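The chain below stands alone and is given as structure tokens, in the form predicted alone.
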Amino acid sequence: MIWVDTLVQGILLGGLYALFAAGLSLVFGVMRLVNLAHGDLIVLAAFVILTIATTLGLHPFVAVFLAMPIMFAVGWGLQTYILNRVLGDDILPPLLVTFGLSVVIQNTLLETFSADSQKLTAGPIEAQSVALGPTTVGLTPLLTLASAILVIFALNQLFYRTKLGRAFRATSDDPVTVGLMVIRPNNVFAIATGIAMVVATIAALYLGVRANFDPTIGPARLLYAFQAVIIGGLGSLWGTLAGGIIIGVAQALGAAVNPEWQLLSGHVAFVLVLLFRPRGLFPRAND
């Protein structure tokens, strides 16, 4: 019974990691960009939600809808005016620029909000639970997993069922040829990053409701997101969900054996997957 509960809690935790990773996976799938500032942008989104909720007296689940267009604009602006200038065959310039962005975001948040921990207060929903067969789970973790599944389903529908998705795939496959047509690759990249920031805002909501956050926790969120993307297979959105769940379950099982092993267990699972499936569990066929 204890192990069943541990497994369920690990799956629910994996939903949060999948939300961290979904935007990173989208950006990599469209433009082959590894954004080292992704974790800090999630934290930035959490502070945006906190500011809106505090200033306007709104519930975080309402404030997030006002934060989404703000973060879309942030992502669009970063891609248009900074990241598009360094994209190319050499992967080093984007890595250096996004690392610099990470440092800038962290220090700006520290100057603005201080190093004190913050939390998004969601009221009674934080303590509510739901009976699922032999186990009982928190409503917020359950909503987190449901949101992760919904977000990844929506991104897949966007990617494979819409005109914008066709533009994403065409630009990803051959930006030079696409540039000779009506589509402008830089605009496509900017929209993709904007959408990734909307997903990051949803992740930030659940991050802030479930635990305290401060300006320095971004790199750890990036690590979980990066591991989930690699485990699932680069560019595979459903694989990202699977990767997040694998990390979550590994951490839950490790913590059940010894609380000190929680983080280590997730890293061990990541290494084991790489040993047997270097390209991830569900790599895209054209990768």
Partner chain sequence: MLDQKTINRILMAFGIVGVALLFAVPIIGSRAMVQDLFGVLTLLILAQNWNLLAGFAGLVSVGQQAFVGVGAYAMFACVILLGLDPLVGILVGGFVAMALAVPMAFFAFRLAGAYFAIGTWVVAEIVRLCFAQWKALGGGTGTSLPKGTTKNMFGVPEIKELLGVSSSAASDALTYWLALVLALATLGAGYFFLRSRMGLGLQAIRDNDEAARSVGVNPTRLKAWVFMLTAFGTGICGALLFIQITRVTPEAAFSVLDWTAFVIFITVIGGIGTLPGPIVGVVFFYILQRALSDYGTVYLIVLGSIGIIVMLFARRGLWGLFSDKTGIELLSLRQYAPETKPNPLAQIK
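Residue numbers count along the first chain shown, from 1. The model shown is predicted, which means the values in this text are computed figures rather than measured ones.
Below, we turn to the form predicted in complex with its partner chain, even though it does not appear here.
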**Glu111: touches its partner chain in the predicted complex, heavy atom cutoff 4.5 angstroms** = yes
**Prompt:** With a 4.5 Å heavy atom cut-off, would you call Ile11 a contact of its partner chain in the predicted complex?
**Reply:** no
**Prompt:** Is there any non-hydrogen atom of Phe99 lying within 4.5 Å of its partner chain in the predicted complex?
**Reply:** yes
**Asked** Ala242: heavy atom within 4.5 Å of its partner chain in the predicted complex?
**Response** no
**Request:** Check each of Leu164, Val104, Ile125, Leu150 and return the one that places a heavy atom within 4.5 angstroms of its partner chain in the predicted complex.
**Result:** Val104
**Answer option from Leu132, Ala211, Ala73, Ile91, heavy atom within 4.5 Å of its partner chain in the predicted complex** = Ile91
**Message:** To test your reading of this chain, name the stretch in 152-160, 132-140, 91-99, 167-175 whose heavy atoms come within 4.5 Å of its partner chain in the predicted complex.
**Reply:** 91-99
**Asked** For this chain shown on its own, do Leu56, Leu58 and Val62 all sit within 4.5 Å of its partner chain in the predicted complex, going by heavy atoms?
**Response** no
**Request:** Counting only non-hydrogen atoms and a 4.5 Å cut-off, give the residues of 28-50 close to its partner chain in the predicted complex.
**Result:** Phe28, Val34, Leu36
